[in-house]
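First, one chain by itself: the form predicted on its own, in structure tokens.
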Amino acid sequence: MPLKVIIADDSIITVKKLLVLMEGLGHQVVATASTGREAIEAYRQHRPDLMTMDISMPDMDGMEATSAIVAEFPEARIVMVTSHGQERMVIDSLDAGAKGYVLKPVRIEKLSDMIAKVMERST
């Protein structure tokens, strides 16, 4: 079943790559955001089935944005997208309410597996 997805990342290259991967998996990207505050607003507006969230973004990082979204929408399914070397931040993000993570560069198999795990856990 296609999911409604929001991609939050300040790198236009990463956004484009994730958009192609999500569409390749049959999902619909309903919005993108390049800051933490935009991510929160996009979530409120679109109520996606899933959101990918970069950890490092301007004005509000992905952990703060995740925490704010989960406080307002406890059922939110957020997957962190992060680089090697940010393991502590991944743990903090999971504590903030993220349901999983994938490492950059994102591969379609790992993204697909993580989406399946997150969706399975929330049913």
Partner chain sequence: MTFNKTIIPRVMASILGQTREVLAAEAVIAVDGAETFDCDVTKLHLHDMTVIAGLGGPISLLIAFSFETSLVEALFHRVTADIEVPPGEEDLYRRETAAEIVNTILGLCTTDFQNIEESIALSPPVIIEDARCIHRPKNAVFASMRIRTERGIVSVSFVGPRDLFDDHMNYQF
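Quick caveat, the model's predicted, so the values are computed rather than measured. Positions refer to the first chain, counted from 1.
Keep in mind that the form predicted in complex with its partner chain is not shown, yet the notes after this line are about it.
- This chain appears without its partner; in the model of the complex, the one residue of 40, 70, 29, 57 with a heavy atom within 4.5 Å of its partner chain is 57.
- For the chain shown alone, residue 44 is not a contact residue for its partner chain in the model of the complex, no non-hydrogen atom being within 4.5 angstroms.
- Shown alone here, residue 92 lies within 4.5 Å of its partner chain in the model of the complex, counting heavy atoms only.
- Put simply, residue 105 is close to its partner chain in the model of the complex: some heavy atom of it is within 4.5 Å.
- The closest heavy atom approach of residue 20 to its partner chain in the model of the complex falls within 4.5 Å.
- Residues of 62 to 97 lying near its partner chain in the model of the complex, listed in sequence order, are 83, 84, 85, 86, 87, 88, 89, 92, the criterion being any heavy atom within 4.5 Å.
- One change in the model of the complex concerns residue 34 and residue 86, whose Cα atoms lie at least 3 Å farther apart than in this form.
- Compared with the form shown here, the Cα atoms of residue 84 and residue 62 move at least 3 Å closer together in the model of the complex.
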